[in-house]
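The chain that follows stands alone, in the form predicted alone, written as structure tokens.
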């Protein structure tokens, strides 16, 4: 009985904390501040609506808000060590409060997702689709779709990859491979993939709506 009471109390506290964060993010002043940041500051690299036209910067429109918030907090805590994180995002995120981060994540999640990218080499895209949907069994690489969804729109805390710049995807795979982005699952995947396989997957993702 006592354990049940403790669990119930913990659930109440968790739900209350979550609701408080949601209320903070929904505060109109915080929301307006986040939108000004998105348009006036973040938009320089990521596009006003989160659809970056520069292939080295990720497209954020339609991205999962929980993933975006987690990444912004990782930048702020200097826990992401890839070159652009150190060069740009550590400083950009240093003064962001949790409410502003949540509001920024909500802003980008609510923007229309980017359209499919330019057509690529058909054989490369076909190989990329095969790897995405089935993995590479001989190398122990699981299907990307298991975490990122059959349409690459992401699942829960796993990011949307559909419509993402191929150049950006390649850069992140290299960061996973070198452990500059310390994510155990992705380190194993990137280590097992050949460069041409990574290029194929990146090309395929860029063509998805």
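Just so it is clear, the model here is predicted, and its values are computed rather than measured. Numbering follows the first chain given and starts at 1.
In what follows, reference is made to the form predicted together with ligand HEC, a form of this protein that is not presented.
Although the partner is absent here, residue 179 sits far enough away that none of its heavy atoms falls within 4.5 Å of ligand HEC in the predicted bound form. Contact annotation for residue 164: at least one heavy atom lies within 4.5 Å of ligand HEC in the predicted bound form.
Contact annotation: residue 195 falls outside 4.5 Å of ligand HEC in the predicted bound form, judged by heavy atom distances. Ligand HEC is not shown here, and in the predicted bound form it never comes within 4.5 Å of any heavy atom of residue 33. Applying a 4.5 Å heavy atom cutoff to ligand HEC in the predicted bound form picks out 141, 142, 143, 144, 147, 148, 157, 158, 159, 161, 164 from 139-165, in order along the sequence.
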